[in-house]
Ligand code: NAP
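Presented as structure tokens, the chain that follows is alone, the form predicted on its own.
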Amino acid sequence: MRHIAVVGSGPAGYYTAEAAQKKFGDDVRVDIIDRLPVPYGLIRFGVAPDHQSIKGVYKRYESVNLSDNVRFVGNVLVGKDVSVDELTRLYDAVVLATGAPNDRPLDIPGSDLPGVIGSAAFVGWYNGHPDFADLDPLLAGPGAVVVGNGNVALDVSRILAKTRAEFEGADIVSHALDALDHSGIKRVTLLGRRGPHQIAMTPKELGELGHLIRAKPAVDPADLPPLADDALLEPGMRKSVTHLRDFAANGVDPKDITIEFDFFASPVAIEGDGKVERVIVERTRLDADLRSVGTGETYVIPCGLVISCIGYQTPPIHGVPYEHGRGRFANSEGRVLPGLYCVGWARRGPTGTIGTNRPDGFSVVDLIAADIGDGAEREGRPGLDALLAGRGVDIVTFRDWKKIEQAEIARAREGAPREKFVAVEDMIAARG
């Protein structure tokens, strides 16, 4: 019998458990450990609440958890309730699938002012993550600056601009919905260091901006390269740039909110008297290698809110080798130390889509199979249970989670799939 512990219950964790089931059949026991009492990680707390079709992938993970040889162990913090060393003694293999939940810092003067927040915090706030339920972002307006040119920046901008009615069918939490409903923001400016041909935005997410009720996307036609240059792009990128060209041509559609794409723009400082009041931006240009370089020309964008969407990093765990420059665990193709592995963003950094984690999980299970053979005589699940019980740790099982889920569904507002609990103690109380 092989015993595997997976730390993290997001996509990378569940794809790893699925891979272990397919590789080893009944000769494996997998414990999926998470610090929160609820599973699914990025699916629950990272995917935009108005993208329910994407969130539906959780049903696949649920089928993995409903089998006898995979168990969810929630409300357990690795590094506090149990150490990595203890897990590697109890299990044949320990797989770190913790993702990259921490914001990469916006390292410019003034980034510590009230009103400057990272996208992980803001997304966590409107998605009901317990760590960010009390964030209280400054939404008085009229200006907000979103730093970044990826899909997260689009998500953040779209959420800021939507009407209450446009959240029909979304699982945005009520405290965020109410706050956004009273927002005074009239202009959202997306800052990108490079140009339209260098964005990391997909066509679907860009296209959504063109269908908002009270908001209109705007692009300066002067920022666009010659139309003939689009032929050099791969098809998906070409579709994205086509959306930008459409936004540039749509100059006679007045709406209450403008979502402005400010290309060739890099924030160099944030200023204000006790809170954010303006962003100092430097105009950039592309060098021969398509890198952005400053021109020395600066200008000011007045705003009361800055949301930084410039990437994420994996939090270190004591005793686990870590690459600080890349914000991930140090590893060789997924191997960290004997008996210790990593997958997903914890292995690669925050790149790729949800589906990218599936082959990642299967490849690390192949490594585990080669390394452990038939497994050693480890205690596995019974050993973990005894250790946690001795420390008074109250674990939450998948059966407990289903009770929490039913309680969230029962308390949903009209038209919403659920109303999430945003406090750990409320989650635990809901299991009965």
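One-based numbering along the sequence shown. Note that this is a predicted model, so its numbers are computed, not measured.
As for the form predicted together with the named molecule, it is not shown, yet the points below apply to it.
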item: Location of the named molecule contact in the model of the complex, chosen stretch of 385-393, 366-374, 401-409, 51-59 [non-hydrogen atom, 4.5 Å]; value: 51-59
item: Every residue of 149, 310 and 345 near the named molecule in the model of the complex, heavy atom within 4.5 Å; value: yes
item: One residue of 351, 250, 258, 83 in contact with the named molecule, assessed in the model of the complex (non-hydrogen atom, 4.5 angstroms); value: 351
item: Heavy atom within 4.5 Å of the named molecule in the model of the complex - the one residue of 193, 71, 129, 197 that qualifies; value: 193
item: is_contact(residue 205, the named molecule) in the model of the complex, heavy atom dist at most 4.5 Å; value: yes
item: Contact flag, residue 104 vs the named molecule in the model of the complex, heavy atom cut 4.5 Å; value: yes
item: Proximity of residue 92 to the named molecule in the model of the complex, heavy atoms at 4.5 Å; value: no
item: 4.5 angstroms heavy atom contact with the named molecule in the model of the complex for residue 360; value: no
item: Heavy atom contacts to the named molecule in the model of the complex at 4.5 Å, residues of 70-103 in sequence order; value: none
